[in-house]
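Presented below, as structure tokens, is a lone chain in the form predicted alone.
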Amino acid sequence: MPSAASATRPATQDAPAAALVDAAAELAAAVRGEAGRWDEHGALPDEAVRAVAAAGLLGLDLPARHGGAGATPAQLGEAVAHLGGVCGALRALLTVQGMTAAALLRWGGEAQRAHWLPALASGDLLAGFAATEREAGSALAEVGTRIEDDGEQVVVTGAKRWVTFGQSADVFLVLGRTDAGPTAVLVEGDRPGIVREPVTGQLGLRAARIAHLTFDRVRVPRENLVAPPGLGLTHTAAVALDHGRFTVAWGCVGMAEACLADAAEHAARRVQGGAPLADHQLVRSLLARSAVDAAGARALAERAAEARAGSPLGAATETVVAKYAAAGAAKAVADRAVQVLGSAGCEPGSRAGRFYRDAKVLEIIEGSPQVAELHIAERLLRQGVRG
């Protein structure tokens, strides 16, 4: 198996987005045999991160003027599905980088976009989104991190949890609170007062370099504030989370399709009682249900992509629906894949077993199923009233 770096062809800044989708597929195929070891060792290696950056995938959907490839939502989704079908940490790398970039593209000032976006697109800087706190998970309005005015600087004080790539990110988009309301600020990772606590042995996404962060009166320039105070949650963080849900949905599509493929292949070649496992009616039932779940997840992700291409700001509900359905499908299909694989699904290095753990995490992050159901029902009822 070639290394991630050697298997990835260099990408130019103006490379067609479609070619970069192919590059994502090539990279995913090259590292498939390594992803299990990354999970066991608890870290995505630097070589893999460099390979993703060299392939041009970190700025896939950013406009060309900011160093990206200008990919459509559908192209971004397909690239994420390729990586998500091999390694949750690779998908997470694109997700968190894209969340920060999307927030800056929509709400950052011209100088901020010019300074940060090309570096994020090239991978010269890796980003983390620091929002969750011990008492503020799904209810981000309750964040307690303080961002206080101090002349030409602002001072950030608080603690964040479960920050993806928090162990190694060069810059964090931090959600906090001022006297004027929630705000978001970019905090460089080498600022004095930042303490990173690596998280290991968690249920899933073990290679995503997750960390808990403490900000002890960390000083940053005022120009690092993104959007006016009061808009940090409803605008800046909302755009980041919307982008995150979209990429998580497509990553779950990739996971569901990969688990289905592994289960079908095993059922076809495994002989039990003198007959292929696939000849058993109950096994075929499991495979059929998984096929329907995976196809449904893809269809809803494609619908979200189409909606985002037409009106990104008006596609929030379609994105929530896609994430809700795809995460549920990934969990169900991974569960059935482990059942079909039996002991092989429980062995160290099993993709289905790894995705079984990852899928539960993905069901929760970027909005739990219960939060998604409330959002979907509220939109449905509003439409009913208008009708």
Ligand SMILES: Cc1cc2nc3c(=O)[nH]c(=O)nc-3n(C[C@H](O)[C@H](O)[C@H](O)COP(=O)(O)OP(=O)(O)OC[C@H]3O[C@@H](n4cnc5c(N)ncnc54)[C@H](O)[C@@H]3O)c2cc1C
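A residue's number is simply how far along the shown sequence it sits, counting from 1. Fair warning: this is a prediction, and the values are worked out from it, not measured in the lab.
FYI, the form predicted together with this ligand isn't displayed, but the following is about it.
Contact annotation for residue 315: none of its heavy atoms lies within 4.5 Å of this ligand in the predicted complex.
Interface residue remark: residue 296 is not counted as part of the site for this ligand in the predicted complex, having no heavy atom within 4.5 Å.
Among residues of the shown chain, residue 167 is not one whose heavy atoms approach this ligand to within 4.5 Å in the predicted complex.
In the predicted complex, none of the heavy atoms of residue 120 sits within 4.5 Å of a heavy atom of this ligand. Scanning 300, 205, 105, 125 against this ligand in the predicted complex with a 4.5 Å heavy atom cut-off leaves one residue, 205. When this ligand is considered in the predicted complex, only one residue from 234, 138, 178, 272 comes within 4.5 Å through any heavy atom, namely 138.
The chain is drawn here without this ligand; in the predicted complex, the stretch among 111-119, 301-309, 286-294, 155-163 whose residues come within 4.5 Å of it by any heavy atom is 155-163. Using a 4.5 Å cut-off on any heavy atom, the residues of 340-376 that reach this ligand in the predicted complex are, in sequence order, 361, 364, 365, 366, 368, 370, 371, 374.
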